[in-house]
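Given as structure tokens, the chain that follows is alone and in the form predicted on its own.
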């Protein structure tokens, strides 16, 4: 066993602390900003010591923002609810469609299978502006413009390719012999898929769903062009903090804290499933 000297352990601890401080300090600073007024945020030099206030969070929850030019109505909580609705339903739909498709691409070889899979993946990397104009015209023609259904449909361009390719890799890591043995015992293909393949790939499905949720949550362009103010997510609604009287930095910081809370909670919840991915190698033949 390799032994390290006390000096090496101290150096390692200092370096780790420096790296953590480098990456976590912006998050800490935004959290502190959310409890400051605009005057406190903009003072020079900045200070870590101040009298905290909850006025920024109160403004977001009540929908009333006080500025130098007067009172301004906000729809942040509605935007936050829109983000939860759009991201959750989009990822759920993508999982329903993408997990069986990923299994099919992993287990069955058919003509043009790789070409089809790559084409689906290419949708993820296509610039949003490339499809926005035809989508906008198409949605206006079929009545899906400025609707939740239309946005959820467009969000499949974000979620479905991610889920398809990530979950496909997990299915490929699972030995087919386990499924063959279960089929020989008299079970149907559907039972094998739901009782064997999906439970074994659950960590991959959780990871893919989490990534897809984060990407859907952070999307800005689609909702900005294809939805009106009452259906826009929090990423677009944050534009309301740039007012004629200036930028409301305190409210922006509070909005960031509130908007990252759902994704952070989801990541902490899914963490226990992600750890199970370490055991996938045990089922390889």
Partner chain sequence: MAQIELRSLTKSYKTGKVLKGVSLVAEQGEIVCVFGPSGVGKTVLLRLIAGVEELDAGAIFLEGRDVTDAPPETRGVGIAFQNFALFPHMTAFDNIGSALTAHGASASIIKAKVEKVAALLKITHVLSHLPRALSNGQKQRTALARALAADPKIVLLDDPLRNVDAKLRYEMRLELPSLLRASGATVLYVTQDYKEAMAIGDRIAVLVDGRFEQIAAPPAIYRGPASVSVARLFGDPSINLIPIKPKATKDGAVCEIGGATVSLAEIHAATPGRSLLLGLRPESLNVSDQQAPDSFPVEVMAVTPLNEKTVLLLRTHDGQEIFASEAGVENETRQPGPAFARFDATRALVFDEASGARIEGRA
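Positions refer to the first chain, counted from 1. All values reported here derive from a predicted model rather than from experimental measurement.
Same protein, other form: the form predicted in complex with the partner chain, not shown, and the subject of what follows.
With the partner omitted here, the stretch from 173 to 181, 149 to 157, 88 to 96, 111 to 119 that lies within 4.5 Å of the partner chain by heavy atoms in the predicted complex is 173 to 181.
Shown without its partner, this chain lists 206, 106, 214, 196 as candidates; in the predicted complex, only 196 has a non-hydrogen atom within 4.5 angstroms of the partner chain. The partner chain is not drawn, but in the predicted complex it has a heavy atom within 4.5 Å of residue 189. Interface membership of residue 130, defined by any non-hydrogen atom within 4.5 Å of the partner chain in the predicted complex, is ruled out. Taking the partner from the other structure, the partner chain in the predicted complex has no heavy atom within 4.5 Å of any heavy atom of residue 135.
The closest non-hydrogen atom of residue 200 lies within 4.5 Å of the partner chain in the predicted complex.
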